[in-house]
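Take a look at this single chain, the form predicted on its own, given in structure tokens.
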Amino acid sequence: MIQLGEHGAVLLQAQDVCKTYHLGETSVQALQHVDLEVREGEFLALAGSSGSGKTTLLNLFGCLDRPTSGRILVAGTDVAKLDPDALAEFRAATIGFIFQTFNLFPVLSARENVEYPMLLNKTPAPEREKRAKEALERVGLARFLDHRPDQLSGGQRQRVAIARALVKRPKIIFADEPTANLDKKTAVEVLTLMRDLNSSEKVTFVFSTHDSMILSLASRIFHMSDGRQVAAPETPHAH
């Protein structure tokens, strides 16, 4: 059951979540008793230094991993109760991802890279092409449909990655250090684009970052250290 609140539905919930990784005889506690709710339309930053647990939490919310204990709910669904096929289907329908390394296929054009998730969903070819073109236009790349990643700048490649995340019309987009491989000017442009999409399309964004620029744009910041929340969620300023 999705709960309603003043900022819209609660889309993501971490309830007393712990995650332990076993590396040989060593155990690493990546998350310790984390509680977090993210509401529809938020532009939330998970902040912390390397090893703080923010990427682990992002991966759990993104259904790429499972908690050792506690519960993860995405759009009201307890994802631990889904079998692998149902989980893959749910993830494809609900979630978009943007990675710091872009994760584009080098042999495919920008349009083909954006079409790829719809290919997995068996979307008919004319619909795939139409939606891919629209998504690339939305991120300012209408003239680059047939360019391969090696013919694009870092900022343009990140825009292709954003278009690919958007094309499925997901409820939530997760971005793991999305500005890490971009220069400052390009990072500002990409972040401004994401903020505009958040405002106009009402897509919920959750970032893992230690980039002060992202933190200044976030609607809320969830600070982490050593796998724990270290301060009350902070609202930098109203948008």
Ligand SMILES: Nc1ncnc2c1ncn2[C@@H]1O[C@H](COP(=O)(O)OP(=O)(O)O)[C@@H](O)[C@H]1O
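Residue positions are given as counts along the sequence shown, with the first one as 1. Keep in mind that what you see is a predicted model, and the values were worked out from it rather than measured.
Keep in mind the form predicted together with the named molecule is missing from the figure; the text below concerns it.
Using a 4.5 angstroms threshold between heavy atoms, A231 stays clear of the named molecule in the predicted bound form. Looking at G51, you'd find a heavy atom of it within 4.5 angstroms of the named molecule in the predicted bound form. Contact annotation for A30: at least one heavy atom lies within 4.5 Å of the named molecule in the predicted bound form. Heavy atoms of N198 never reach within 4.5 Å of the named molecule in the predicted bound form, leaving it off the interface. For the named molecule in the predicted bound form, the listed stretch (66 to 74, 181 to 189, 43 to 51, 198 to 206) containing residues with heavy atoms inside 4.5 Å is 43 to 51.
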